[in-house]
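To begin, one chain is listed below as structure tokens, in the form predicted alone.
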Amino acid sequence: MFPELNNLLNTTPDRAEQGKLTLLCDAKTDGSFLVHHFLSFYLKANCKVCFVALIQSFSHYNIVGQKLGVNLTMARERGQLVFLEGLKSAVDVFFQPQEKPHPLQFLREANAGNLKPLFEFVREALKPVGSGEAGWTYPVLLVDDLSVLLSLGLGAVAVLDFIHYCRATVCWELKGNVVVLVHDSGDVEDEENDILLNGLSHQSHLILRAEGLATGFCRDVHGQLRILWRRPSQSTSQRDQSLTYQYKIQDRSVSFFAKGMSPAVL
């Protein structure tokens, strides 16, 4: 995890809020560093994590995780991490005999739209453990990334329904957290992606939006991060609070600074 980002969010692994939906969004840049941050954050918080990884392989996340101080292989072996490797599982759906519905069963269906097997996988992975097993602080669902489901033929409504049921189970019933990444297509007209992004934005308690620089590539500033805290229970004047920082990604960390305050230009 990135300590500077924890400071901006005013949180640590031992005092993180529960029952929250966090939306990660990237536009004209790669926001995967946010996924790596929250994955290592919740593993260090001793949470039970179900990671639906639709973009990269397990080895990729493990290599980055080791740089951030967590070992995904050990976490998976001790039962703390349940990892669904989408790239590998997609092949199994077509070429391996299935005794029961596969989490990505919709890939074999003519009219893709049923994410119930994926939800059942998440619910089974995060269900409370027995008294004889290791106890985790609370469950967490992490998805990287939901936009892939749209590319595979699912509609935005089906994906929003999936997240609704996951929130009902993980956030409300089990008092855990849900973290999802969605790409912002930006200038490209994509109605389904816009519906998904807007729907999740209205439901989220915290939104982290990584954006590329309007001026293009810069060696010392890789982008800017908009942080929006949403508090639906508060009055209108106190409901939302936002901050914007620029950032630079390094090998094992990310540094944040106010706009125009990069050490390279001071």
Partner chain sequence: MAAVATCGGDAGSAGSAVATASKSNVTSFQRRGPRASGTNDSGPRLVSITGTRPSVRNGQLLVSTGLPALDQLLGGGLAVGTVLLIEEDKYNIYSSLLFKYFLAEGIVNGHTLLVASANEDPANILQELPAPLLDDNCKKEFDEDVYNRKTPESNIKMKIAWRYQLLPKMEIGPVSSSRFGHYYDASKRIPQELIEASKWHGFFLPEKIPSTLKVEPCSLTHGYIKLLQFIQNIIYEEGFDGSNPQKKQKNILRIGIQNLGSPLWGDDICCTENGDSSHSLTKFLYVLRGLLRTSLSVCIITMPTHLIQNKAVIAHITNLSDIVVGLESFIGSERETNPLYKDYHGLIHIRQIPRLNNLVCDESDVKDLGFKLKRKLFTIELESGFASFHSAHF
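Values in this document were obtained by computation on a predicted structure and should not be read as measured data. Residue numbers count along the first chain shown, from 1.
The same protein has a further form, the form predicted in complex with its partner chain, not shown here; the description that follows concerns it.
Trainee: Which pick from 27, 227, 55, 213 sits with a heavy atom within 4.5 Å of its partner chain in the predicted bound form?
Mentor: Of the candidates 27, 227, 55, 213, 55 is the one lying within 4.5 Å of its partner chain in the predicted bound form.
Trainee: How about residue 59 - does it come within 4.5 Å of its partner chain in the predicted bound form, if we only consider non-hydrogen atoms?
Mentor: Although its partner chain is absent here, residue 59 would touch it in the predicted bound form, with heavy atoms inside 4.5 Å.
Trainee: Does residue 128 make contact with its partner chain in the predicted bound form, using a 4.5 Å heavy atom cut-off?
Mentor: Close contact is absent here: in the predicted bound form, residue 128 is far from its partner chain, nothing within 4.5 Å, heavy atoms only.
Trainee: Answer yes if any heavy atom of residue 67 is within 4.5 Å of a heavy atom of its partner chain in the predicted bound form; otherwise answer no.
Mentor: Yes, residue 67 is a contact residue.
Trainee: Heavy atom to heavy atom, is residue 89 within 4.5 Å of its partner chain in the predicted bound form?
Mentor: Yes, residue 89 lies within 4.5 Å of its partner chain in the predicted bound form.
Trainee: Non-hydrogen atoms within 4.5 angstroms of its partner chain in the predicted bound form: do 33, 36 and 219 all have one?
Mentor: Heavy-atom distance to its partner chain in the predicted bound form: all three under 4.5 Å.
Trainee: Check each residue of 141 to 175 against its partner chain in the predicted bound form and list those with a heavy atom within 4.5 Å, in sequence order.
Mentor: Read in sequence order, the residues that approach its partner chain (within 4.5 Å, in the predicted bound form) are 148, 150, 151, 152, 153.
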